[in-house]
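Quick setup: one chain, the form predicted alone, written in structure tokens, and binding and motion questions come after.
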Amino acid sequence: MNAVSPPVAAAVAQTASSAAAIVRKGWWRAQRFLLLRRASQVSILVLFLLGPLAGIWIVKGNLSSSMTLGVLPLTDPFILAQSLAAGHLPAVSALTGAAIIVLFYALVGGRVFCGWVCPVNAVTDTAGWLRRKLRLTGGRSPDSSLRYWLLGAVLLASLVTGRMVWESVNPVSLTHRAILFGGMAAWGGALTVFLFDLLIAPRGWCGHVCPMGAAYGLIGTKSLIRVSAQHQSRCNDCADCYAVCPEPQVIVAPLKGKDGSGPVILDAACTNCGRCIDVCGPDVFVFTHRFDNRKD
């Protein structure tokens, strides 16, 4: 299969590609970053749940705004931006929490939030897995620039209305709220995203629509930690990486050296999910830093 085949066609072969990677590399090395991401997502949810369920208040709040151990405030920068646009004066702790989050994701990669923290990621991954199982190849994703237009529109709407309008429909907030507190209405956000990705737009929500993901992408534009096609000479054009990558367009130039591109994936859309590393039998990809342009 050609390495630049359409992502939908490549996705049909993903199950076989994972099996091939397991045979070649072993079960753990072919699944490790997927398992580590799920462990990260579950662990974060458990920290939030310990308080209301067991009375152990390590973390109070939610993904929008929280306090850890009573001393560490964390605030979602996109939420804060909506609040400021709506004319609400945030507390000093909220500003401090947002600054901490921005500095962290500016270093490790803004969309690491999407792949390693956001609960909706498991929903969209499940929709993608089911699409492959059912061999659904229809659907068309909107242009990826839509998420940036939506980001601007959300902030403008907050400015005009004086309200944080997105938070009433934000699937990330709704899903996290549903997990913590239950409620069928809150689960509706997750279900909507699941059906959208399954039936309408493959990889559609996270990759093309979510304005929160767009905000984190902007934060991590110059982040240090990156994936690199460092061993690109080993590539056998199997397209397994394209099949599993939530943003497959970011792989092409670094893998093939197009337009003078180095091996490091510098595109801000990359979620640093590590699935390309998992499923690549020849071990083309590695985690490194943005200034590491070694290749063979």
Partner chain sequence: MDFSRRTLLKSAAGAASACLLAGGATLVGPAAQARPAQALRPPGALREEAFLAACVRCGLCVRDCPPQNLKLAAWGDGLSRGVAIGSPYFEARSIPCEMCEHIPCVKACPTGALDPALRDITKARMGVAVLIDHENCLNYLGLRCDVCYRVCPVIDKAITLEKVSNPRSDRHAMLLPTVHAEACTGCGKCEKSCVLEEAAIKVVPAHIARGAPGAHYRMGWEQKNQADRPRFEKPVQNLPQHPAPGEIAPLRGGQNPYPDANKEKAR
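All values reported here derive from a predicted model rather than from experimental measurement. Residue numbers count along the first chain shown, from 1.
Form predicted in complex with the partner chain: not shown, discussed below.
Within 4.5 Å of some heavy atom of the partner chain in the predicted complex lies at least one heavy atom of S168.
At the 4.5 Å threshold, heavy atoms of I100 stay clear of the partner chain in the predicted complex, well away from it. When contacts are judged by a 4.5 Å heavy atom cut-off, G61 counts as touching the partner chain in the predicted complex. Shown alone here, M67 lies within 4.5 Å of the partner chain in the predicted complex, counting heavy atoms only. Note on the partner interface in the predicted complex: the residue among L195, A91, L130, L224 having a heavy atom within 4.5 angstroms of the partner chain is A91.
Between the options V112, A215, I79, V123, the residue in contact with the partner chain in the predicted complex by a heavy atom within 4.5 angstroms is I79. With the partner chain omitted here, the record of contacts in the predicted complex names 151 to 159 of 216 to 224, 130 to 138, 151 to 159, 103 to 111, defined by a heavy atom within 4.5 Å.
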